[in-house]
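First structure 1, then structure 2: two forms of the same chain, each alone, as structure tokens.
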Structure 1
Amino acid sequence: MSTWYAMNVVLVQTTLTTLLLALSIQVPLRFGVFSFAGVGAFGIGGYGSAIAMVHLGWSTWPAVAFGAVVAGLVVFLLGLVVQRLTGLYMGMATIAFTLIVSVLAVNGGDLTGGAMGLYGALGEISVLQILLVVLLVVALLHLTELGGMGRRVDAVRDDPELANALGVDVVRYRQFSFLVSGLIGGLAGAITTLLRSTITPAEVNFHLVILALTAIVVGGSRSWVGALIGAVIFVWLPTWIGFLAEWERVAYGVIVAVAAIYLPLGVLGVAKDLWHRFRTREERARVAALAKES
């Protein structure tokens, strides 16, 4: 166990940070907002924490908190500005925001280290600590999936008019989703950066958007469990299909496409389906038996 763990500790860390990144995109999606600002928040959080550490000499966790809070605030303000946009227009505006963050980092001079990025921001972060942070985030998000709150969120996504009629303040809910997305994305960026000690502008790009989105859609877009499944799949996939060597990337493409085609609700949907069948197998058997008798 311990050799296995020592060899794969980075993958475990990456799974957790990827989960946070995926959640930062998934949260607004669950509120019916097609926003990719979470990836921009990832950049802001990463740079924020690295700047706090390198330039201000802060210690690890205050730096992480600083990055996350700044990212949360910026994305919240962005949310106020773009709240009129819908659908892909919202998607484009938030992608533009993300790319602008990257350009600002390139041109930030000594503060951001320009194209070279910032080096030497090595934090003291253990896997257990990341796990606690992730559990906290997930626990809070889990509350928004339950009971009345869960139904209100579903209504805000699927039928905003109805939600309004029921007295749910749709605009307020969606603004809130920006704040949460920014905070979580910022956390993901800050932790990732301090784990690997560097951040460069090239990382905050469209590919990160694609990674997060793919993880959610393949895993399951309605619940944090789906994001977790997606994060596990895409972080560990290279390990599982590494034997394909140079054909690995082709296989990756095929897997993503097949998942999109055949798993409408993601892997989570399939899992729930199987679970449901498993739980109802006795009942179904009884019904079948009854049907036979009659």
Structure 2
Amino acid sequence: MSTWYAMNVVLVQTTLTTLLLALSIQVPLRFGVFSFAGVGAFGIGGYGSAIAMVHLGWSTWPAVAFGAVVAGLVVFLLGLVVQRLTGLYMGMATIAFTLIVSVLAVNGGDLTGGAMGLYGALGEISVLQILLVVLLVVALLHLTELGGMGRRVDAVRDDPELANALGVDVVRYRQFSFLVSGLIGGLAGAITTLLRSTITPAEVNFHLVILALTAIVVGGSRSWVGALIGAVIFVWLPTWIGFLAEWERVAYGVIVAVAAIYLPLGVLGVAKDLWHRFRTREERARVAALAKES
């Protein structure tokens, strides 16, 4: 086990940070907001933490917290600006926000390192520390999936008019989703940057949107468990299909296409459906057995 861990520690780290990135996109989707601002937050968090370490001399976790908080505040303000947009227009606006972050990084001079990026921000972060951060984030998000809070979030997503009629402040909930998305995306960017010791504008681009979105589509968009499934699949997929060589990207595309067509609720949705059928079959068998006995 220790040998396997030593050989795959980078993949484990990447899985955890990719989960955070996917969650930063999944959170607004659960609130009915088609936003990719979490990817822009990834860049802000990464550059914020790197600037705090390189230029201000901060230690690791204060730098991570700085990057995450700045990202959260910026994305929250973005949410106030674009709150009247919906659907595709919201998606395009938040993708544009991500591209703007990349452009600002290129033109940031010595502060951001320009097109070459910012180097030397090497933090002291262990896998256990990343795991604890992820568990805390997941635990807090899990609370939003349970009980009354979960029902209100579902109502905001599925029928905002009905939610308003029931006294749920849809606008406030959706603004809250931007704040959470920014904080989680900023955490992902900060931790990733301080693990690699560098960040460049090329890392904050549309490919991160594709990665996060495909992880959610394949894993499932209604729960953090779906984001975890998607993160595991797409981080470890290259090691599973490496034998395909130049056909690897084709296989990747086929998997995403099949999942989008035949698994509309992702792998998690299929698992829940199978579990429900199993429980229903067990219940029917129990009722039939009781009927025979009587």
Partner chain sequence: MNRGRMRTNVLAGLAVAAVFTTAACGGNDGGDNGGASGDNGDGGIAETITIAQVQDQTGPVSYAGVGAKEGAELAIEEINEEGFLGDGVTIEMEELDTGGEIERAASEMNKAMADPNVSAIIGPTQSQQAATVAPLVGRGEVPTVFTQAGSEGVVVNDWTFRATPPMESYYEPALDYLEEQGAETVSVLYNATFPTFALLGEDDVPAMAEERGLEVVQSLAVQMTTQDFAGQSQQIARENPDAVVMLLIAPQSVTAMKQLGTAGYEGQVSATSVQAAGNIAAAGDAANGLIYPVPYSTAMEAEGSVAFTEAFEEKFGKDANPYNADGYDAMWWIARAIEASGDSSREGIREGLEQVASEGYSGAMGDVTFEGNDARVPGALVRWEDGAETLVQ
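Whichever C-alpha set is largest while still superposing within 1.5 Å between the two forms counts as the rigid core. Residue indices: 1-based, along structure 1. Note that the coordinates shown come from a computational prediction; the quantities given were computed from them, not determined experimentally.
- Taken from the structure described as the form predicted in complex with its partner chain is structure 1, whereas structure 2 is drawn from elsewhere.
- Once the rigid core is overlaid between structure 1 and structure 2, residue 9 does not reach a Cα shift of 2 Å, moving by less than that.
- Taking the core as the reference frame, the CA atom of residue 288 shifts 7.2 angstrom between structure 1 and structure 2.
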